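Coming up are structure 1 and structure 2: the same protein chain in two forms, each one given alone as structure tokens.
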Structure 1
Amino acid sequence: MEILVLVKPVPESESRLRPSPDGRQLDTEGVKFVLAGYDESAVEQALLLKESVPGSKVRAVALGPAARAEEVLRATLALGCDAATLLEAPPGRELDGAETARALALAAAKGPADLILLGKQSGDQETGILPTALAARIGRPGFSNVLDLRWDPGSNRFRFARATEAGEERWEVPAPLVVGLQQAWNDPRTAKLQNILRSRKLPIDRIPAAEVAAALGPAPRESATKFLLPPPRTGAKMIEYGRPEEAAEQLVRILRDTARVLP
């Protein structure tokens, strides 16, 4: 089985982001980018499938500026992926979900894959459209919010569940397909030190920014005009009370008369 797992470098969760001086984008100077969130589960699920299906190979793909994307790809190699491909993002071009799907379709076209696996949403923008947008772009079935992804060799199909607002769905789908994963069987593993050191010397394939830009075509006409930080939080107001009922009465009075969020 050939598995393509797509990962995105995202700012470390404790990073303090701020707008750039012109306010048109986020200032990423000094920000550490990592493999995180649902993409961690996608890598774990890809490795679990590799271990359960003899002869399987996993290739990780990341789109972004070379420095931050390469760091994330080396993390996937340290965890056990067999190969990695870096899609160099065109400088100065911010990609939305549709453009990201178009760029990743370029990597998918480089070699056949029975399964293209990615997190159901990224850890930064969290639009959640990429799994189905990529599936539509390359003409494959696409599913998001996937749980309990398994390969059934008897039927030559993937079996999985989908979490929906109406409840849980159960599916059986033949390869090839695109899956946006919500959760792997296990929690993401931790790379061993020797594997981290080894990953520093492994080669990473590259698709240059010029080729990616050609695949993307003209830049979209819409763009971000300004990033603003949320207003600072005001201090909390403590409620003094003797009995829980008194606290509830005071809270309702504040919400109704001061905050005016209750009729």
Structure 2
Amino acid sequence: MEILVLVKPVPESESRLRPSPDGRQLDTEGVKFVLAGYDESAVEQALLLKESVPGSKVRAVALGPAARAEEVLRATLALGCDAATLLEAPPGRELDGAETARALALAAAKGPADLILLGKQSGDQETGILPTALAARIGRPGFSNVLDLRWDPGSNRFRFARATEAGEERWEVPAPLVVGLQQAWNDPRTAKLQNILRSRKLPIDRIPAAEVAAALGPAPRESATKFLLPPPRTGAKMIEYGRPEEAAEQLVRILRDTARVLP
């Protein structure tokens, strides 16, 4: 089975968030970009499938500024991905979701894949639209919010569950398929030191910025206008009380009369 797994370089979760000097977006000065969140689980899922289906290959794909994307792709190679494709983001060009899908489709067009795996949402913007945007772009069935993804060699089908507000649907869909993975408790493996060292020397295929730019529309259609941090929560107002009933009375009074959140 040929698997593509798409990973977005995102700020490390511990990084401090602050607006850029122009106030429009996250200040990335000094921020480390990593493989994280659902994408990390998607890589784990890709490797699990590879291990269960002999002869499988996993290729990781990242679109971004070259240095960041390379860092993340090396991490996927250290974890056990077989190959990597780096899509160089055209510098300074803001991309909307449909354009990102066009760019990612360039990597998908390089070779046939039975499964294209994405995170259900990226670890930074959390928009959650790319799995189906890419599926629609390349004309393959696409599902997001997917759990419990398995390959059934007997029927040549993927079996999986899909989470909705009402519950879990079960689906059976033949390859090729695009999946946004919601599985996030598959305990992603960590890379061994010798694999990390080895991955530094492995080749990475590159699609240059000019080729990516040629796949986009003529002008940007989405631009960040403001990056806002919530007013710092200064810590809870603690309720002083003697008996539990007094605590309850005070809290209910505050919620009803001051915060006005009681029905």
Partner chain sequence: MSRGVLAVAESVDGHLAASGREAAAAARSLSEGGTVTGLVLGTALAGPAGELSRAGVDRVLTMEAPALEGRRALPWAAGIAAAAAATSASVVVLPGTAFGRELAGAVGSLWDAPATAGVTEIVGSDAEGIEVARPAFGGRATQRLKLTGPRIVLALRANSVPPAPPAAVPAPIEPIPAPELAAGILAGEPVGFAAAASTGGPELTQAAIVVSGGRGLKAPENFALLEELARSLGAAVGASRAVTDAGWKPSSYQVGQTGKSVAPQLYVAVGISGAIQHLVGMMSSRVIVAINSDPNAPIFRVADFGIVGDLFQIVPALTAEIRRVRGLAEPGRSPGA
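Here, residue number means position along structure 1's sequence, counting from 1. Heads up, when I say rigid core I mean the largest set of C-alphas that superpose within 1.5 Å between the two forms. Model, not experiment: these values are computed from the prediction.
Each structure shows the same chain on its own, and structure 1 is the form predicted alone. With a cut-off of 2 Å and the rigid core superposed, Val31 has a Cα displacement that falls short of the cut-off between the two structures. The shift recorded for the CA atom of Thr258 between the two structures is 3.5 Å, with superposition on the rigid core.
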